[in-house]
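Just one chain is shown here, as C-alpha cells, and it is the form predicted on its own.
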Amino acid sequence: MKIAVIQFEPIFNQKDKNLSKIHSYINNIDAQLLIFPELCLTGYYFLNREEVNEVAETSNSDFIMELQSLSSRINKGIVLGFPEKDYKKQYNSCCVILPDENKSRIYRKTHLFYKERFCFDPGDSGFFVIDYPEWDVNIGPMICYDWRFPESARTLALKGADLIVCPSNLVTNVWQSALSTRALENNVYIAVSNRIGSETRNGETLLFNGDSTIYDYKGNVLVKAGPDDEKVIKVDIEPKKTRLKSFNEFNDIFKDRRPDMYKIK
C-alpha cells in the first residue's frame, strides 16, 4: 500500500484556512493513507484551556463527519491532529478516519509536552491498533512526545501494529535517532508527520523543525522531507513483512522477551 506524510505550516487559530488546505491535499494526493501533523487543524501553541475550548471539536462534530464522508467516498484513510473536547475534558487528539467508518477511531495523546498540561487533559484512549483488512494493514497511532517513551511504540507493536503513525509538532533535535530505533526494536514501519514554521505567543517562539520521515521496519529512512519546506513524501510499504519478528533461526524479538525480569511499574 502507498502512504503519504504531509508536512506544512498550519496557521494558528485559522481553522477554515487550515481545513481548506487539508482538503486540497486529501483530494489531490495519490495514496491510500494520508498522515497530517499534530493539531494541524488549529495550530499548536495554546496558552490556556479557554483558548482550546473555543476551537475544539467533539468526536461527532461536522468536522469529523465531513472527513468521514470524504474518506468513504474517495477510499482514502486520513490521520489528522486536532483539539478535542468531551464534556469538561479537552484532549490533544488525532482522528484515524478510514473508508469503513466502523474502523475509524480517535486517539488522545497520552504524554503531554511542555505547556500542553495547562491546556489539555492527559489522554484516556490508551494505545490501540486498527486492523484494516481491505489494505491488510494494522495501524497504531501515537502523537509527538509519545515517541519519547519506548513503552508507547512497544505497546502498539505488541498489539499487532505494522505501521505506527505519529502526527507531530516537534521542536527538539533528538527525536530522529530515537524513532529510527523505535522502528528497529519493534520491527514496524513508523511515519512521522511533523509541521514547519513557528508560532509566537506571549513573547515566546516555538520553532518547528520539519524533517518528516517514514522509516522502514529496520529503522532505515525510506523518505524524508527537509527542515522547512512544505512537502508531501510518499512511499509503498509492505505491512506483511513486519509480522515476522525473528532475525535468525533461534531469535525472535518478541518471543525472547522476559517481562517477568523487567520490573516495570
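One-based numbering along the sequence shown. Nothing here was measured: the structure is a model prediction, and the numbers come from that model.
Just so you know, the form predicted together with a further copy of the same chain exists too; it's not on screen, but the next bit is about it.
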{"query": "Non-hydrogen atom contact Glu185 with a further copy of the same chain in the predicted complex at 4.5 angstroms", "finding": "yes"}
{"query": "Touches a further copy of the same chain in the predicted complex: Lys115 (any heavy atom, 4.5 Å)", "finding": "yes"}
{"query": "Contact test in the predicted complex: Lys159 vs a further copy of the same chain, heavy atoms, 4.5 Å", "finding": "yes"}
{"query": "In the predicted complex, Asn75 touching a further copy of the same chain (heavy atom, 4.5 Å)", "finding": "no"}
{"query": "Contact stretch among 189-197, 122-130, 162-170, 82-90 - heavy atom within 4.5 Å of a further copy of the same chain in the predicted complex", "finding": "122-130"}
{"query": "Non-hydrogen atom within 4.5 Å of a further copy of the same chain in the predicted complex for each of Asp256, Met261 and Lys265", "finding": "yes"}
{"query": "Stretch 174-213 - residues with a heavy atom within 4.5 Å of a further copy of the same chain in the predicted complex", "finding": "Val174, Ser177, Ala178, Thr181, Arg182, Leu184, Glu185"}
